[in-house]
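Alright, two takes on the same chain below, each alone as structure tokens: structure 1 and structure 2.
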Structure 1
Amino acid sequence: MAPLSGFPGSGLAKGLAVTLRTMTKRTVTAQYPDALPELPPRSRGVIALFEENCTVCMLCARECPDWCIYIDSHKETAPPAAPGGRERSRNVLDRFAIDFSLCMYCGICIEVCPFDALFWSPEFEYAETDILDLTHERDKLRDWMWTVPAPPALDPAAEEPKEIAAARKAAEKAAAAAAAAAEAESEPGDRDDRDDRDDQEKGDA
């Protein structure tokens, strides 16, 4: 277009060319209710609660910058595991609610949860006509848990996740113990050897 720029009226022609070119291109309109949007991975749509993991530690409620998480709980005591022992107490969740009219989607609650009970879900269609209806209770939050996508795959050379490493070690240890037991049965004189190895593994863990 540079050689044309001196020619009178070339700006007008350029304007026409731009609109004509745009007409032949794909439109950018998102036909939302008819076609669902393609959300990027880890979209921040709504906060889902995996309540089986919740221990009512209240960290999320305390860290929330606008205090939009409501948690009620009570304590239950369980009989001692062994006769003569102490009674065990545990927290039982009564109410877990997030007021999405206050929530600013910062995600701090999800970051601080030590037991992986809170997750981002890409679900975003939960508009209400009354602002009070935006306070969603635990059953709704639990339902959203089903929409949480699987965590993204690790990088090819990444370190093993801690949970899997621990589980693998436990499995290896059990297998080794079983093998040692089988060995001991066939050669009863070797017991000391196995004990040494067991200690070593405990130290590793």
Structure 2
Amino acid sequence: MAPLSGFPGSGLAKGLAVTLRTMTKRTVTAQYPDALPELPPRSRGVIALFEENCTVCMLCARECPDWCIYIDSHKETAPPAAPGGRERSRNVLDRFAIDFSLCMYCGICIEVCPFDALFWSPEFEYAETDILDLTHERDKLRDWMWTVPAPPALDPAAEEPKEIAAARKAAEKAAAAAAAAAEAESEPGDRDDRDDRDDQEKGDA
């Protein structure tokens, strides 16, 4: 054990020195709620729902370690897309709720969602006086979706994502087909104009 160094009361002197140094510095107290904090973009404030992407696969509810996600749905039969086809059934979302009094903000539900229906939002002002009010339904989760920050830009040297490349090639193919169709429609008129000019030249000769 190292021997005690210094004179009696040295600890008190060091503490007073820290206090004196702090007294001379400018205060850094955040004047919340008058001045809102600047949160980093990846802050885990609350979970937002993009309802259009949800397919009711129940993967988020099954993987949640706290079982705080509640989902209800029903099946609807869709008519066939083409004559002679068969009808298809699809799940329709009736309820999507998260109990934030149980949620531990691990983010597993966001990571396992295969269709990008859940996102982190930096919103954090959703305290309630009653713990039962911390179960937020899909309407509230949808409102938080509009506070989700945009994803960071891709590295300029990175490869183009497969989804974007496929969409770009499909758009270029459709544009080329439209241009070819427009050219084909204009060719008969151009041919008739050339024939008229040839006939006129022959008549003049």
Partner chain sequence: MNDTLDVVLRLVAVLVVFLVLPLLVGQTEHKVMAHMQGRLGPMYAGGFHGWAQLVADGVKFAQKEDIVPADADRRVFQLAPAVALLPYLLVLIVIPVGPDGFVGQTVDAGLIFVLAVMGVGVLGSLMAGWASANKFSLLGGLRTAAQLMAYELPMLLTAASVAMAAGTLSLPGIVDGYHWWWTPWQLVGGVVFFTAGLAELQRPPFDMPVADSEIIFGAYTEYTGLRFALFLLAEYAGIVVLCALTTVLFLGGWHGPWSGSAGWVWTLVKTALLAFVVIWLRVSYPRLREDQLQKLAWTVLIPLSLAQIALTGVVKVVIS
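These figures come from a predicted structure and were not determined experimentally. Counting starts at 1 with the first residue of structure 1 and goes up one by one along its sequence. Rigid core (definition): largest C-alpha set, two forms, superposition within 1.5 Å.
Student: Given the two isolated forms of this chain, which one is the form predicted together with its partner chain?
Tutor: Looking at both copies of the chain, structure 1 is the one that matches the description.
Student: After the core is overlaid between structures 1 and 2, has the C-alpha of Arg138 moved by 2 angstroms or more?
Tutor: No, the C-alpha moves less than 2 Å.
Student: State yes or no: after fitting on the rigid core, is the Cα displacement of Arg44 between structures 1 and 2 at least 2 Å?
Tutor: No: Arg44 shifts by under 2 Å between structures 1 and 2.
Student: Compare the position of the CA of Ala177 between structures 1 and 2 after a rigid core fit and state whether the shift reaches 2 Å.
Tutor: Yes, Ala177 moves 2 Å or more.
Student: Once the rigid core is superposed, tell me how far the Cα of Gly15 moves between structures 1 and 2, in Å to one decimal.
Tutor: C-alpha displacement of Gly15 between structures 1 and 2: 7.5 Å.
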